[in-house]
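Below, in structure tokens: the form predicted on its own, a single chain.
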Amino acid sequence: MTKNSAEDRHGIRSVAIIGASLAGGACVARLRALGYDGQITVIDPDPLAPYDRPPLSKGVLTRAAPIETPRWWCDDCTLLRGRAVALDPWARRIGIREPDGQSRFVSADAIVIATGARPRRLPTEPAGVLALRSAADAKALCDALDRGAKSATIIGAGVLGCEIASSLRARGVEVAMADLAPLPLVRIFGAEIGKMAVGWMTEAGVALHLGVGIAAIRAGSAGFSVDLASGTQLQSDLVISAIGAEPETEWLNGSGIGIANGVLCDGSGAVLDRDGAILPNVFAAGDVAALRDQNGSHRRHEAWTAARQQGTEVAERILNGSQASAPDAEDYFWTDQFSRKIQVLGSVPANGTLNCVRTTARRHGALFEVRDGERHAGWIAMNCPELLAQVQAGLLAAE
């Protein structure tokens, strides 16, 4: 018997993970790496899961990469196809609707909620407006392009919208983009990078319509018409909504779990009830989890690296019963678009200032320190991952 066998690890003989996501997969892999030999069941309705989401807007969309099982997936578990529709967190009992419509229940000694997020949609979107979150979404968009779509209007100039625009331009598609924000990427990367993005997106042929709302979207036999609040009308074969994501929590209504823009958790992923008490052996990880920070507020960390780290930490807490702690690691995020790999370490205030610390011979290569007034806030690396690695290793520091 290993030291982490199911018989002697706090009575945890079975674990049920809701979501074959990165966070869910990281949890499975860490449990097995720690020697856990109990039953692990992963529940997910997506017939194509597991897969990695970042390539969907990049290599998958440009047809440079297939949708495939990712390297981080550990198949030493039972993958159950079905949609979780209810949870009794005290009994740790999950209600599931199977693909054929039948209902069943799964109980476990520990529950991990890793359902992720779904695309946020405009309330006035007509049928046929596309989004990009799942492999099925990516297939639908690729199929539309393969059928001859030559133009697209993207609603949303955030990271996902800009990645989609980059991939569509690489395929020769005419792209128009509209957003209420005054600059692309400004919500994540701040105003200075947003101003740079206007230049490189315009150079790539993207027609930007910024600081303007959507008045109406109409579908017709010849495609779509998007009416902007400014009076401009955009005609295109496709409309793609990329206005953000919201956590998959509707199925938890009535469960007694605390919900506020995500599943409320302590600092290390233990789920809280509506009164703020920890629910024993119920955890959350990934985009659905709103972790309590050192200031006592709750925040979701929507990044690939955060999802992996949270899934790993939840596995360790399941087996070791570690005490809650607020996340203290710096946020990390990256995007690839328009021949640029942009990485962020730390935070980027909307009005933060950039100080160029180093440049490289690589095209557009530069490392920026981000400052919030007199305070160091973070780093932005553009086409220079080796310099950001030096920062992370402590070999480069803020001036």
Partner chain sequence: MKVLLDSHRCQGHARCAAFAPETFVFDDDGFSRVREGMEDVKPENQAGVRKACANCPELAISIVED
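Positions refer to the first chain, counted from 1. All values reported here derive from a predicted model rather than from experimental measurement.
The same protein has a further form, the form predicted together with its partner chain, not shown here; the description that follows concerns it.
Proximity to its partner chain in the predicted bound form, taken as a non-hydrogen atom within 4.5 angstroms, holds for one residue of Ser151, Thr305, Ser225, Ser134, which is Thr305. Put simply, of Met382, Ala16, Leu388, Ala20 only one has a heavy atom within 4.5 Å of its partner chain in the predicted bound form, and it is Leu388. The partner is not drawn, yet in the predicted bound form one stretch among 39-47, 59-67, 368-376, 337-345 has residues with heavy atoms inside 4.5 Å of its partner chain: 337-345. Put simply, Ala393 is close to its partner chain in the predicted bound form: some heavy atom of it is within 4.5 Å. Its partner chain in the predicted bound form is not approached by Trp251, whose heavy atoms all lie more than 4.5 angstroms from it. In the predicted bound form, its partner chain sits beyond 4.5 Å of every heavy atom of Trp200. For the stretch 61-87, the set of residues having any non-hydrogen atom within 4.5 angstroms of its partner chain in the predicted bound form comprises Arg71, Trp72, in sequence order.
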